[in-house]
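This document starts with one chain, in the form predicted alone, laid out as structure tokens.
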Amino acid sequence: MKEKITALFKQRFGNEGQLYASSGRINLIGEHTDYNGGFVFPGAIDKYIMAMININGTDRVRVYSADLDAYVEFGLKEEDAPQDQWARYIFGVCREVIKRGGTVKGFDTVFAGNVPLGAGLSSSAALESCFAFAMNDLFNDNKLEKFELAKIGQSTEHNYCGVNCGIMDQFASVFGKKDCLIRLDCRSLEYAYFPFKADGYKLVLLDSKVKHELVDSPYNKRRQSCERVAATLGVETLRDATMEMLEAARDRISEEDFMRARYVIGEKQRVLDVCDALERGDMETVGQRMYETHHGLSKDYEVSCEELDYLNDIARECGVTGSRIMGGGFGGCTINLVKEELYDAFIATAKEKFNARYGHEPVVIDVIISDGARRVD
């Protein structure tokens, strides 16, 4: 990709610039916990956005997307916002740096990526983090702290792209570290790295290529369930609730709300269990908790779908150590922790069985835990 971007940059702008990159992410465990004040457990992966950037001495930003074969130019004032959605990510990052008292001047850039789109690997966060890191490095002597770079990406989504996202995706893209996952406390924003060398294992996503359109907003409904239970239990969020508290209040909570809360309270503990297991090198416990999360998301939180449940069943039948739905639900991927000696048979079986039932194969995406936002020399 370096060679491709460098050649395109020379061709379009006649010179060269500095290369930057930032990664997509996976979340091993900790789903629907962020808005409940709980923990998430993401890591950056070896799929990334890369950009070559050169200061051009003007007040204009000139952007070429190699993957879209599209070119956009814009100024750096609020009224200069480009129409193209993809360009708004870069414009938004520039504006958010400026709003924080930082400097951004005109630059030329060519970027490309290999983060699969639509698979829940956060290509948009990778794009934002790449440019936030670059603006900090090129124009601001790296004075902005890393957490501020993640918040710049999040604010870009909120203010320029119409997505009211949490901080996890940008956090993982900025703070990602090779062979480590990051436990992020969504309440305090404290974080800690945990080793994920996984010798003898592979991490692989199976993308069902399914996205179920939903008539109402299931995300908001589940959030409301959690808030109702927290209010009944007298806690700020379900982070502070226990299973004993939930059982004691069962007669004051609807069956649906009870199920939603049971999943969230269980998931809080599963993330902590997985962290402890990784420190011991105990992959069997990691995998068991992944299966438990899938069951909870499917039966208690009811955000799975038939296709994802089927991929999870296939993983179990093939002896895969751990498997679960990854992301918000109703389609997308499963994330699978597979012993290397079982990998080929699992992939072949999953492709064959899924294709026989649904008429297409799942897309196989192997991932390795890698570094986040960085300069590329």
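Just so you know, these numbers come straight off a predicted model, no measurement behind them. Each residue number is its position in the shown sequence, starting from 1.
Omitted here: the form predicted in complex with alpha-D-galactopyranose (GLA). The next part is about that form.
Visitor: Would you mind picking the one in 168, 104, 226, 265 that has a heavy atom within 4.5 Å of alpha-D-galactopyranose (GLA) in the predicted bound form?
Guide: After the contact test, the surviving option is 168.
Visitor: Since exactly one of 194, 86, 219, 291 fits, which has a heavy atom within 4.5 Å of alpha-D-galactopyranose (GLA) in the predicted bound form?
Guide: Result of the distance check: 219.
Visitor: Which of 28-36, 44-52, 61-69, 309-317 has heavy atoms within 4.5 Å of alpha-D-galactopyranose (GLA) in the predicted bound form?
Guide: Of the options, only 28-36 has residues within 4.5 Å of the partner.
Visitor: With the cut-off set at 4.5 Å between non-hydrogen atoms, does residue 327 touch alpha-D-galactopyranose (GLA) in the predicted bound form?
Guide: It does: once alpha-D-galactopyranose (GLA) is placed as it appears in the predicted bound form, residue 327 has a heavy atom within 4.5 Å of it.
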